[in-house]
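Shown next as structure tokens: one chain only, the form predicted on its own.
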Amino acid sequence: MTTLTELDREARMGAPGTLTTDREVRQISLADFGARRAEITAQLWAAATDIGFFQVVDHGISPTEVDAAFAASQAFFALPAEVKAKYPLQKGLNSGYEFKSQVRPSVGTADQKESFQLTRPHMAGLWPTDDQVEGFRETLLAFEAHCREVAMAVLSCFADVLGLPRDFFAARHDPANPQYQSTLRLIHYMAFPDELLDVPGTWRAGAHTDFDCLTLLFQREGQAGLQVLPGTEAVAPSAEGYAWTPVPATDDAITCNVGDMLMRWSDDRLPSNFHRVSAPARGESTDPRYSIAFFAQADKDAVIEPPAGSHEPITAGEFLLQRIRANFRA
């Protein structure tokens, strides 16, 4: 498959594109993982190399756990602005609270959202108190740990295909390592203002790729808007523009996608594709939208060195810092 350079990818995504397709975002069951490992691996690899996005079910994270994480998220975002501002984003550390500060190079405008990021080694002074949100810290730390387990299971399958040791990625996403930089992000897309409807270049989240190895995204039933642009469509758009594929929003499935780190680590065999959260069209719901993302980002001291040598080695810490600097306002 033809590969765009990063600058080409960013520049070409400035064209908004309104077409959508009915391409399938495959749903894969992780039930009986040990017994079905070969089958699951084949399904994950096929989906990841096709569109870069897939959904997993029977993943072991209970609906109760997911509901509790969303309840904690909504309670935090309901706090007064001056309270949330006490826990500001620590740039370069991926921890803390931000409000409309993430600007995608593809569109040049701020995402219409606020978020709170949890990165284990960098949370000193960033936890709201129990008086503000009861059980926030305990709920989210437990949820983050369970997300990591699912992510490492999926990445172990990719390791098998890439000819790497099965625990290769788990060893490089070690929560006991002070260099750990995987992140849980709570996201609140505010109710969309009427005056921004039909305004060109306005998105809930502009087109972007993720920086990590693998993203797990939890969505709520009926809160649609996530769209992916598969690589073939990005390289060769039709005369009508870019064709985006909607990603279903359900309570039970975790949406997964390959990130830039894994694309580099796999010698570009696994594509990290553009995706966005579209603004509602006139007549569609403008209600708030909530999601939770877990970004499996290799530890800062891990060296991303593709087996076939297609890219120069770089530490995951430097790689992530470069990407963050390009995507947040100073």
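Just so it is clear, the structure is predicted and the values come from calculations on it, not from any experiment. Start at 1 with the first residue shown and count on from there.
There is also a form predicted together with a small molecule; it is not shown, and the following applies to it.
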In the model of the complex, the residue from 217, 157, 184, 150 with a non-hydrogen atom within 4.5 Å of the small molecule is 217
Partner-proximal stretch of 37-45, 59-67, 272-280, 299-307 relative to the small molecule in the model of the complex, 4.5 angstroms, heavy atom | 272-280
Is there any non-hydrogen atom of residue 226 lying within 4.5 Å of the small molecule in the model of the complex?
-> yes
Classify residue 54 as contacting or not contacting the small molecule in the model of the complex by the rule of any non-hydrogen atom within 4.5 angstroms, answering yes or no.
-> no
4.5 Å heavy atom contact, residue 189 to the small molecule in the model of the complex = yes
Residue contact check: residue 98 to the small molecule in the model of the complex, 4.5 Å heavy atom = no
Can we say 174, 180 and 264 each have a non-hydrogen atom within 4.5 Å of the small molecule in the model of the complex?
-> no
